[in-house]
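Single chain ahead, by itself, as structure tokens, in the form predicted on its own.
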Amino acid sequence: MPPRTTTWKLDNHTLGKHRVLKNYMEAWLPIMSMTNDRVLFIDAFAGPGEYSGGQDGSPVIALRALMEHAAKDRMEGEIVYLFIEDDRNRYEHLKGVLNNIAPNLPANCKHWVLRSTFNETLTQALDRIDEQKQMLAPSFVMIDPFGVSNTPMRTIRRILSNPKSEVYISFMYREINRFKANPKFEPHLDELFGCSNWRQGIAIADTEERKHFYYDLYGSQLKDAGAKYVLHFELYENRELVYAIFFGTQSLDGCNKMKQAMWKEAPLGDFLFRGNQADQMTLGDGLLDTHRLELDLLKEFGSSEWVAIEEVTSFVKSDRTAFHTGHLKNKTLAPMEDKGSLEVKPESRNKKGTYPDGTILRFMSSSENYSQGSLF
């Protein structure tokens, strides 16, 4: 249920979501603003801008990612922030919060606060863009509702039809699971998923199987809507699942950067990264088990065929493994080579234990490798 007050207490699962957002924005801003004339950050359910304890809300976190960035002076493209909030009191509070920090924003940064809804604002904006036969500027769209209404897949599809757009969506699974059999919620869930297939989950008795069904369906709908890569992680409160965050992008590098943003946090049970299939893994480099990545690589490339390091790197960047490229070479390939489960063409590199561009590899698969099972 949405809070009744203008501001409210910051909870741990929201803090986890915001930390991942901050990590990703610190990577996204310089890459996008140095290669595009204009980029856009949209916070579709912006809230009041701060919590009752004075902690920053998502609008301020996104702006501080720019204001405090070491490379902000080299970001020459125009950076536009659009904050959407429908509640009058929160809208007014947010304007006041942003007015206090506006003097510290770089000259190439603009911000706008609209009292409206996500669906209304984006539909009108995308209609104008379509009429002018233009494309949406490269965008990161944060969609963080309190419930399951007003976030239709058809609007997300229109966002993702623009090739450099990404979505960061709070998927309110607890509400979906609670009200899935309530006829009053059927229209909302039809819009949320963009189809009626979610009804098949009502009859699934096993709670984990039901959850995976809804996750897989939503992820597949995001891909059908235009996302090439989809990631998600879960947020818990006292070991109870509150909701999941889904990230959809058309960029292989964006997928890799989001995984790095997720792994940068050490949640210790507060939130988990869950791959797009079945099994579960807790994030945190201190908990890194590279054997899982080794099994993923053996499953994908384990054969008598040679493969270029560039192809292996692309696989690790993608949503087909929970790991990112920082886990690949020193932490996984080098140990595999030492124990003989990886062969390298000597002429493709100068030094053992290194894997520069052009390195040619062969993964030595065996029945023993697969008997232990893979993360996916």
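Because the structure is a prediction, the values reported are computed rather than measured. Don't overthink the numbering: it's just position in the shown sequence, from 1.
One more form of this protein exists, namely the form predicted together with a small molecule; it is left out here, but the text below deals with it.
Participant: If contact means any heavy atom within 4.5 Å, which of 338-346, 31-39, 53-61, 318-326 contacts the small molecule in the predicted complex?
Facilitator: That would be stretch 53-61.
Participant: Does any part of residue 104 reach within 4.5 Å of the small molecule in the predicted complex? Heavy atoms only, please.
Facilitator: No, residue 104 is distant from the partner.
Participant: Using heavy atoms and a 4.5 Å limit, would one call residue 77 a contact residue for the small molecule in the predicted complex?
Facilitator: Residue 77 lies outside the contact set for the small molecule.
Participant: With a cut-off of 4.5 Å between heavy atoms, is residue 333 one of the residues that contacts the small molecule in the predicted complex?
Facilitator: Heavy-atom contact with the small molecule at 4.5 Å: absent for residue 333.
Participant: So, residue 171 and the small molecule: in the predicted complex, are they within 4.5 Å at any heavy atom pair?
Facilitator: No, residue 171 stays farther than 4.5 Å from the small molecule in the predicted complex.
Participant: Can all three of 166, 215 and 232 be found with a heavy atom no more than 4.5 Å from the small molecule in the predicted complex?
Facilitator: No, because 166, 215 and 232 lack any heavy atom that approaches the small molecule to within 4.5 Å in the predicted complex.
Participant: Using heavy atoms only and a 4.5 Å cut-off, determine which of 139, 150, 221, 290 is in contact with the small molecule in the predicted complex.
Facilitator: It is 150.
Participant: Here the chain is shown alone; which of 84, 122, 261, 160 has a heavy atom within 4.5 Å of the small molecule in the predicted complex?
Facilitator: Selected residue: 84.
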